[in-house]
Ligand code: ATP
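First, one chain by itself in structure tokens, the form predicted on its own.
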Amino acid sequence: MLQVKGLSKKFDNILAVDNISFEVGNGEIAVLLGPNGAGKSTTIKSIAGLLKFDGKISVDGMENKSIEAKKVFGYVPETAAVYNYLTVFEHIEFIARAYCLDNNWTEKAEHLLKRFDLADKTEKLGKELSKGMQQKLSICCALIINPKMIMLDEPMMGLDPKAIKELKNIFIELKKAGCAVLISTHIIDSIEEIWDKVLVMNKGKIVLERTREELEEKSESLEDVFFKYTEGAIV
């Protein structure tokens, strides 16, 4: 579903991402795990088409910046970007109309809003929402399009325990539906029970790629390999 080949990104003379390659398959939950400053967010933003980069990225066989690719993937940024003067419901309606969803989107919207405790806040403006509520709304907007692939950058930040539990349940549902999921985080505990493949990133490089089965075969823990391959990094 997602293919990243030879991705590099420079900011002036700083090489933020250094020639990385990886894939996320259908029905797979991959975690881009690394300390702050490892290049995770730059990688996610490059895949989302928000940055210029060197290399090739494709989603469902289509170039990531193409309209066709953008129709099938959702993106939840690290910091929710809401419109100050749109209501909660208008945010989702805006996405639904932009993606030309059929009329069934309203039923799904109501279901998502209820799951994230936003059902009684549909008339609240974006500027009136707390950071946690904005994050929940951002997640709902990404999910409303029924993505084939979804990327989330530090999705648990600012969420209350109930919303975290709900989001983890949604990750499992997406996996069962064949959606490719890529989660970027530096918080090991937040994803420890749901991941299928981990990509440990440090100093712009992917320093380790392992499946859950491979780690279990070697009796290694995610925490152990994380610190082994990012030793000396600030976390």
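Position 1 is the first residue in the sequence shown; the rest follow in order. All values reported here derive from a predicted model rather than from experimental measurement.
Absent from the display: the form predicted in complex with the ligand. The rest refers to it.
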Honest question, do 11, 35 and 38 all end up within 4.5 Å of the ligand in the predicted bound form by heavy atom distance? yes
Here the chain is shown alone; which of 197, 175, 186, 70 has a heavy atom within 4.5 Å of the ligand in the predicted bound form? 186
Which one of these stretches, 189 to 197, 162 to 170, 62 to 70, 38 to 46, sits within 4.5 Å of the ligand in the predicted bound form when only heavy atoms are counted? 38 to 46
Indicate whether the ligand has at least one heavy atom within 4.5 Å of a heavy atom of residue 78 in the predicted bound form. yes
Are any of the heavy atoms in residue 16 no more than 4.5 Å from a heavy atom of the ligand in the predicted bound form? yes
